[in-house]
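In the block that follows, a single chain appears as structure tokens, in the form predicted alone.
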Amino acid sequence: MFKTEENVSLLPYNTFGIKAKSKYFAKVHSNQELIEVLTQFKSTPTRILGGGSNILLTQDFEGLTVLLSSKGIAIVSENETHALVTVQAGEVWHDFVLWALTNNLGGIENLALIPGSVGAAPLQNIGAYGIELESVVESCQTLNRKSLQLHDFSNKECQFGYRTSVFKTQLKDQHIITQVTFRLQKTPHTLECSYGAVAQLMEEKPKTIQSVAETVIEIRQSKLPDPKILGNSGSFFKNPELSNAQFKTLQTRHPEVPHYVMNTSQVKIPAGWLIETAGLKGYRKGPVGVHEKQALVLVNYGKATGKEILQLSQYIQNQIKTRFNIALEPEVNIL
């Protein structure tokens, strides 16, 4: 049975370490509890929290915050090559990666150590080191906030894109992801080891999903701050996707610009490179700043407000727009 609390601090529930309060707060452990709390607070503005790793709280919330705490990982079917694994939304993402590695199931090893919950992962279509979540999602079960009915969305119906999905666009705030079913590989595994730093470190290692995960963890720990020590939300901005004309203009001025050709009309460039080239890597203003090892990460050095981090992000956006005529979009959800 869920318990509703009042005037609860959300400090323990967001990785930026922001002090903000929610007027009402409830942890739910099942679909039934979720339905009950939404029914009870049907006329109250409601927010859903997972791992709190991709949000920036800029003010107190005068509504209900629901923390999804459902747990469970189960193989629901399998054949010679793949296993379908259903995971509850409240599971910690990295814990699920470790479970897959223990069970010798491949496909998500490149996504090791990404903070957050399983339920939030499809919303954002998380990705790292050459892999995006859409490549392994079979389906998502959701609860419609209005009808309180469960729905199943196929991979295609999720409309995945770069750091987005239908749940972040057309169906924003209309559905709550309650569980995700993944299609994971049994041996032999297809590995993605071509990404720069991964490829270099994997040269002398055995080619297994376990070694790929170990390499990714090594890279992430060397470059990214631990949110438990230094408040952050990982990559704050999306990597910009430029038209060929935009890219040629940029490349003329900066021949060294790293890039990835997406298709015949678009080229993706690293937002971190733009921020670093603009001289903002390691930039600090009071209690907020750009991380000294990874320009894509904004950090809370202690007691910063969400508004101060937001102001820093806007300053960076203005600098990049002025210098490169490129608009940076936040990857983080600003609340």
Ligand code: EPU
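Numbering starts at 1 and follows the sequence shown. Remember, predicted model here, so these are calculated numbers, not experimental data.
Not on display, but discussed next: the form predicted in complex with the ligand.
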Tell me, which of 160, 195, 247, 153 has a heavy atom within 4.5 angstroms of the ligand in the predicted bound form? 195
Using heavy atoms only and a 4.5 Å cut-off, determine which of 238, 168, 189, 94 is in contact with the ligand in the predicted bound form. 238
Within 4.5 Å of the ligand in the predicted bound form, counting heavy atoms only, one of 55-63, 295-303, 27-35, 42-50 shows up; tell me which. 295-303
So in the predicted bound form, is the ligand close enough to residue 258 to count as touching (4.5 Å, heavy atoms)? yes
Heavy atom to heavy atom, is residue 234 within 4.5 Å of the ligand in the predicted bound form? yes
Are any of the heavy atoms in residue 183 no more than 4.5 Å from a heavy atom of the ligand in the predicted bound form? no
Mark residue 289 yes when one of its heavy atoms lies within 4.5 Å of a heavy atom of the ligand in the predicted bound form, and no otherwise. no
For the stretch 254-283, return the residues whose heavy atoms include at least one within 4.5 Å of the ligand in the predicted bound form, in the order they occur. 258, 270, 272, 273, 276, 281
